[in-house]
Structures are given as structure tokens and as C-alpha cells.
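In C-alpha cells, the next block holds one chain alone, the form predicted alone.
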């Protein structure tokens, strides 16, 4: 199975030159560490930073320089700081090419739940609703099952919905999946993981065609 870092590394392969990209809290923030060489990508943080770099080394840490998840980050040459209103104007006007988000649940129609568990204390949805409503492309980074072993890739969501029909691709610890009109289409397998493993861990409609290749790094 893939580690969190390997999930982020695989998602980084989806980056294209010139992209403006927003990275959500959790596994998605790790994507900043794996931007392919030769690719010019601008990372946007919704708390007001354009031009975010990889995580800092110990001697680079600046406690005042953080991303939306309150993690310390670095900046690249030409980076810009601004207020939250400007940040969300960028997001809402469709200027973000790709958003990478974590999720608690995704269904086989591309609906996502990623902000609230009933009965648990949460501070609010944050920027998730704006991101799923405005991004041109959304990739989800997540674990395939919860701690109890229950699938998080479902036919219908059980948690409060963040956005409808917005997710295009999912990278989990087991596989890479595209979401199409036919459901979850299995595209790649993590090393050591079989198609049967994915089928057993997926509650929603899973489409498997031909020989499924192993994820390459």
C-alpha cells in the first residue's frame, strides 16, 4: 500500500506546466514536496499566499509563515502575500486550475464529504465549499477505508455533502481511480495490491477493464 508521501508523489504527476494549484489540509499539502523538475507550478494557499514552496528544513522554519492548515511553509522567488478576500476572489473566479483535497467520503458520482462528522466538534467548512464549486479540476487524496476497515468510496454519502459531482480523480493508499459516468474506474494499483483487494475495499460501483498497471514513481 502507498504511504501518505507516496499518495502525494503520485498526485504530483498530475501537475502541468503553468498550473495554479490549491492544496487542501492533510495529505494534499505534501504535494508541494514533489513538484516534478522542469514544471512551473504556482501553489496557492487560501489564507493569502501565492507562490508556496516545499516544507521548510529545521533551519528554515518561520513560525509566522504558514499555510491554511497552520503548517510552516517556505516561499519561492516572486511569491505574493494578500488578504483572505483576495484569495477567495481568485478561487471563486475560476483562476485555480487544480485543487487537491482530502476527503472523509467520496461516492461513485463524484460527490465529496470532507468537512464534518456528526457529533464531532468542528470549526466550520472553511474554504472547502468555495474550492469544490469553483476549481476546474479536483483530485482527492485519501485512505481507501476508515479505521474500522469500512470503505470510504461509496455509492451514496453518509456524511454532510461538501460538493456534488466535482471530483475527477482519487488517489488512495490502494489505487488510482477516475470518476466517470460509469462510476469508479480503476486505473492503477499500488505495489502489492490486487484488483480483488480494491474490489473488497470499495462499496461504490467499481469498473475494472483489462490489465491494471502498477503505479510508477
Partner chain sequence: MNKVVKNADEAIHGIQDGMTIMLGGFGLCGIPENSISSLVKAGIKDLTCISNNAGVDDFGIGLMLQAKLVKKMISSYVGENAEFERQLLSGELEVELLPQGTLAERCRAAGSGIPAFYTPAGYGTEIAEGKETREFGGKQFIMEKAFESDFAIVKAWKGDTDGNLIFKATARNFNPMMAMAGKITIAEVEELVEPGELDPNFIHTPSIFVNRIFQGVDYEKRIEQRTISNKQ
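Heads up, when I say rigid core I mean the largest set of C-alphas that superpose within 1.5 Å between the two forms. Numbering follows the first chain given and starts at 1. All of these numbers come straight from a predicted model, not from anything done at the bench.
Heads up, the form predicted together with the partner chain isn't pictured, but that's what we're talking about next.
A residue is said to contact a partner when one of its heavy atoms sits within 4.5 Å of a partner heavy atom; residue 146 fails this definition for the partner chain in the predicted complex, lying far away. Contact check for residue 150: no non-hydrogen atom falls within 4.5 Å of the partner chain in the predicted complex. Shown alone here, residue 67 lies within 4.5 Å of the partner chain in the predicted complex, counting heavy atoms only.
The partner chain in the predicted complex comes within 4.5 Å of a heavy atom belonging to residue 55. Annotation: in the predicted complex, residues 60, 88 and 134 each come within 4.5 Å of the partner chain through at least one heavy atom.
Stretch 47-55 is the answer when you ask which of 187-195, 169-177, 31-39, 47-55 has residues with heavy atoms within 4.5 Å of the partner chain in the predicted complex. Residues 81, 82, 83, 84, 85, 88, 92 are the ones in 78-94 with at least one heavy atom within 4.5 Å of the partner chain in the predicted complex, listed in sequence order. Comparing the forms between this form and the one not shown, the C-alpha position of residue 160 differs by less than 2 angstroms, with the core used for superposition. The rigid-core alignment places the CA of residue 34 less than 2 Å apart between this form and the one not shown. Here residue 57 counts as shifted, since its C-alpha moves by at least 2 Å between this form and the one not shown after the core is aligned.
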